[in-house]
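In structure tokens, the next block holds one chain alone, the form predicted alone.
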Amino acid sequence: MQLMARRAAHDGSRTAAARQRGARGLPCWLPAACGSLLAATAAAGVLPEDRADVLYHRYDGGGVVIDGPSILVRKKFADKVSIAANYYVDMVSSASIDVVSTASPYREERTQYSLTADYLRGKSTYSIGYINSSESDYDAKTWYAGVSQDLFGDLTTISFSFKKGDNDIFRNIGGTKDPGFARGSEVRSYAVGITQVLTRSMIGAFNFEVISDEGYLNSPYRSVRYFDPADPKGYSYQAEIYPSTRTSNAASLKLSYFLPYRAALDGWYRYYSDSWGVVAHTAELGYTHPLRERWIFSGSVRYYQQDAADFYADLFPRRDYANFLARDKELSTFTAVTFGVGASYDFRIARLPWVDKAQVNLRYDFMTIDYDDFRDVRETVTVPGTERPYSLDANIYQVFLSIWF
């Protein structure tokens, strides 16, 4: 049914800001980054419309610049099958605090290809998908399968999905791959969701996901620091040591209320916890307002707060202090606030009669992050561990053109 149909998500726009080295598989705190492949599939009983999207994205913050294009094309066949293909590129230039404290700035490129298919049978939609992501030191292959079903006069939609990923991790030294370093990891995800029409003007959605990671789960480049009186700085570094397993749980609730003047108000909350001791809360409030017939404006604010992992510390008392050691700032205690605005404009292309309609979209997000227990080691102090807490501001831009045919 049309009310429940979810717009096809653009894979690239969800991950643009998240491509910092070692930031894979973390709790969700970036704008538009909290989705799974399920969000890119059709709702039960409705296949996505034929369309093509061309996106440019850019993230600039904390010494990291990430940008690149993404192209998504979706086509239906016989009103039963919908096929989508996506090509997405991240070009990364990093001089982040993680890098400059123990290594040199770097540049790299990540390319991603994906293919998904939806099959509609009655009130049920069956979905499968494959994603291949590759960069100089990380290769990831992900398979996805899901099913959704409309019930009770199309007022309720339930969905189930399973995702499996296999990752190969390498290490670059001086711009070349280290032949003696090759690791692997595996991720499995199980998700269930229910979407319910609550009133004529309100829709609610609940989702729950369990993720299991196993294998090499840390970065081969990151180090932890520990007190070392023999060093002039007062501390030294050693490699991180992570557990080889991690189980994560995430539950989210979203309410959408449609106002009488065609506008909409959205509220969203997500709770995350994992076996490493990380607990996170995300809350977001959004507003969408149409103007005349062709303009749509939107605004949102997102708040994210998390507690640190059990084995995280900014400065350990001594070398080999514990079995597991981490100084990844994304495993520390921090708070992130994001403000976003967007605008879209519908138009026709008279010279292209095969195009039903077109839309240009602009999106800007400003994000500020304050870390409670991750300190800025670039600051010179007499006593290690008294440096000021690190913080960063980031600007995120998205521009994309959509056409329906």
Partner chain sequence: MSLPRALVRPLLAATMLVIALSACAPIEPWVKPYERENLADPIMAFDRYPVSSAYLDHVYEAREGARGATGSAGGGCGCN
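Numbering follows the first chain given and starts at 1. These numbers come from a predicted model, not from an experiment.
The form predicted in complex with its partner chain exists for this protein as well; it is not shown, and the discussion that follows is about that form.
At the 4.5 Å threshold, heavy atoms of residue 205 reach its partner chain in the model of the complex.
At a distance threshold of 4.5 angstroms between non-hydrogen atoms, residue 160 is in contact with its partner chain in the model of the complex. A residue is said to contact a partner when one of its heavy atoms sits within 4.5 Å of a partner heavy atom; residue 250 meets this definition for its partner chain in the model of the complex.
Though the partner is left out of this view, residue 212 does reach within 4.5 Å of its partner chain in the model of the complex, counting heavy atoms only. Residues of just one listed stretch (175-183, 225-233, 278-286, 313-321) have heavy atoms within 4.5 Å of its partner chain in the model of the complex: 278-286.
Residue-level contacts in the model of the complex: of 147, 131, 120, 99, one residue has a heavy atom within 4.5 Å of its partner chain, and it is 131. In the model of the complex, 344, 359, 361, 363 are the residues of 343-364 with at least one heavy atom within 4.5 Å of its partner chain, listed from first to last.
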